[in-house]
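Before any questions on binding or motion, here is one chain by itself as structure tokens, the form predicted on its own.
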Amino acid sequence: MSDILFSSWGGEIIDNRGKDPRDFESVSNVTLPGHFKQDQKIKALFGWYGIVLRSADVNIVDLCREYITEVQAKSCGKCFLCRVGTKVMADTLTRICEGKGSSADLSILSRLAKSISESSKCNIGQSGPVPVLHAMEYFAEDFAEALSSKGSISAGTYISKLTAPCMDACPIHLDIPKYVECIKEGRFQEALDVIRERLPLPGVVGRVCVRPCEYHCRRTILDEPVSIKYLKRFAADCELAGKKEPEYRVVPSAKKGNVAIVGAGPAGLTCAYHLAQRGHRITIYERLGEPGGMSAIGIPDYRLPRHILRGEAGQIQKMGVTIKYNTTVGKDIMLSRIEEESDAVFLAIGAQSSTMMRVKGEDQGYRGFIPGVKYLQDINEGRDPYPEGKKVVVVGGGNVAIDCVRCSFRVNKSDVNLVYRRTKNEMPADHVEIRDAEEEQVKFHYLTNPTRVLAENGKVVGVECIRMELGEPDDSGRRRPVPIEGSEFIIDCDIVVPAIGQSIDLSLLEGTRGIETTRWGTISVNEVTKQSKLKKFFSGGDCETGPGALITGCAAGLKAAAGIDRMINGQPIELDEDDCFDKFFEAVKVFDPTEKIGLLGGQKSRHLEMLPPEIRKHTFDEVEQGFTAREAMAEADRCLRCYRVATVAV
């Protein structure tokens, strides 16, 4: 950035004050967006890494006052110096801004800021005073002016936000440090209450989440991330073990409406949960005979036991939500009729169709050729998709492909192969799932791509493949696989399962005008509010983004519920402050993997105990055993409580 007057972000000092703008030194280690909201220009940032100043009319002393007041308000209070010291700092800066300060105040501020930063046990105290110390060092004349003038300083316009790297990375922005700390202190039900403020499916997500939070855990820089996913599961399992019924607080909106939701998957259930908490009347239309959508038919029981999914959906139904099962919208009931009967409609259908491989023979209807979604659905409904077949080749590198190969052993297939056109390093599947499949003796064929399905008498007998090598990166950033001429070979098999991708069946939109779709075959909506061009319709989850993570669908359901509630109550549907901070933090980056933390590591993550591979590969029983209370509390104790405050001057 070349429009910054001053930056101390990350300890790199760039000072362009007094220079001709043409001679400004560029700031490269942080990106400060131009606007917060559309009509709010960003003039400065005070945060955990320092100061970024764009406009000369920001009063640094007043900005210090606002920022440290926010830090004090967010302090947990467990460190005496942080609790009391930040209060003294805030009071001192307020006194200076009122024209009542003295030169002794600067010494007090400096000593307290250093002491708090050095003695605090968590990151809010460690990083909180940093920009104040930078301000006192590099803007000393501003403090001197404030003390000598004895005049009051007009308060600026500021917006502040508490965040943490894990919270920011979580699509639904759970307050992870808070619920982890509750577990550390043995307050298990309180931890679950914190999770349920935003997420109604803690037992589900605690088993199958892809853990974006853990990849942004600062503990990773020292040794290994906190096992956040497993701690979420632990909190949910505690409630089940105690046979407790959750208590949900309903705070009715001023105006309540009838809302229809199409799809009882993670997005639909989360949307229903939050709308029910606001007192709206909810009806969900689900084509299957049970809740969960693709998470029910696409995730095997050994990873996600069906009773967990049904139980958490059942709790949402107890809030007054009606689910009409075995009802296909567009067939059993038309979307146009649902529109007429509802004040709002949330479309949350999953990716139920498999993508074609575009190889010879796949469209011939051969017995033993079974698309991945169909293969998993049959198995999850208790059927062997093709009992006479025993040798399986699954094509693909995502989690669906891994589920397909791991399920194959569990329906008595003796020879199980996975074909993937890139290397293991490029596989999009969860590395934990890949490891588990390897332990269960799935045969992996990397840098291999199918070219032809072989059949005799209408039955699959093999698949012809070709060796690949990696060329230049493609649009995904991964190196493009290129066929090696003359390297064809055959894998004998009687089942071929393509699992290279999924698509959305949007036939339910027929007869409904005004809902736009994208060139990728998804529903076009505002990515933040989830509202379509047809204002009564909202959409989220797979049918908006394409096949995605379960937690991303839950986050979409939360966003849609907020937009639907606003629409029913005649309020504008626009980006709120939290939405704007989401975009802001995308630019600024909350997690820095190169950060020097200055703490000792060496405490590895605790992992769940699993059934041995030779046993688990033949059972659909849950293969991972949850944490004990002692294990959960010890793992939670590894959390560095990485809260940090950002204050933006606009």
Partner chain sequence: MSNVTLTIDGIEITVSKDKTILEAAKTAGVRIPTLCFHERMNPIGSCRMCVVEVEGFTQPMAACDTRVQDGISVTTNSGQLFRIRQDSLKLILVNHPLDCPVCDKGGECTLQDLVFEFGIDKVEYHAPKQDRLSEYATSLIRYWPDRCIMCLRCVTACREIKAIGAIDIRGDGYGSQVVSVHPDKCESCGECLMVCPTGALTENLSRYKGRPWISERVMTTCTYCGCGCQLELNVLNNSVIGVTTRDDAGVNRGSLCVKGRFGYEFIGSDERLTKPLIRKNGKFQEAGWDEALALVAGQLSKIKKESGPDAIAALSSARCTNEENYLFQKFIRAVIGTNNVDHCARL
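Residue numbers count along the first chain shown, from 1. The structure displayed is predicted, hence computed values, not measured ones.
The next section is about a form of this same protein that is not shown, the form predicted in complex with the partner chain.
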Checklist outcome for this item: Per contact check vs the partner chain in the model of the complex (non-hydrogen atom within 4.5 angstroms), the hit among 139 to 147, 120 to 128, 230 to 238, 487 to 495 is 120 to 128
Item to check | Asp91, heavy atom within 4.5 angstroms of the partner chain in the model of the complex | outcome: yes
Checklist entry - Does any heavy atom of Gly601 come within 4.5 Å of a heavy atom of the partner chain in the model of the complex? => result yes
Checklist entry - Going by a heavy atom distance of 4.5 Å, is Glu290 a contact of the partner chain in the model of the complex? => result no
Checklist entry - Taking heavy atoms and a 4.5 Å cut-off, does Pro200 contact the partner chain in the model of the complex? => result no
Item to check | Heavy atom within 4.5 Å of the partner chain in the model of the complex - residue from Lys78, Lys255, Arg467, Lys374 | outcome: Lys78
Checklist entry - the partner chain isn't shown here, but in the model of the complex which of His431, Lys533, Arg337, Arg111 has a heavy atom within 4.5 Å of it? => result Arg111
Checklist entry - Does the trio Arg306, Arg310 and Arg435 actually contact the partner chain in the model of the complex, every residue with a heavy atom within 4.5 Å? => result no
Checklist outcome for this item: Contacts from 571 to 593 to the partner chain in the model of the complex (any heavy atom within 4.5 Å), listed N to C, are none
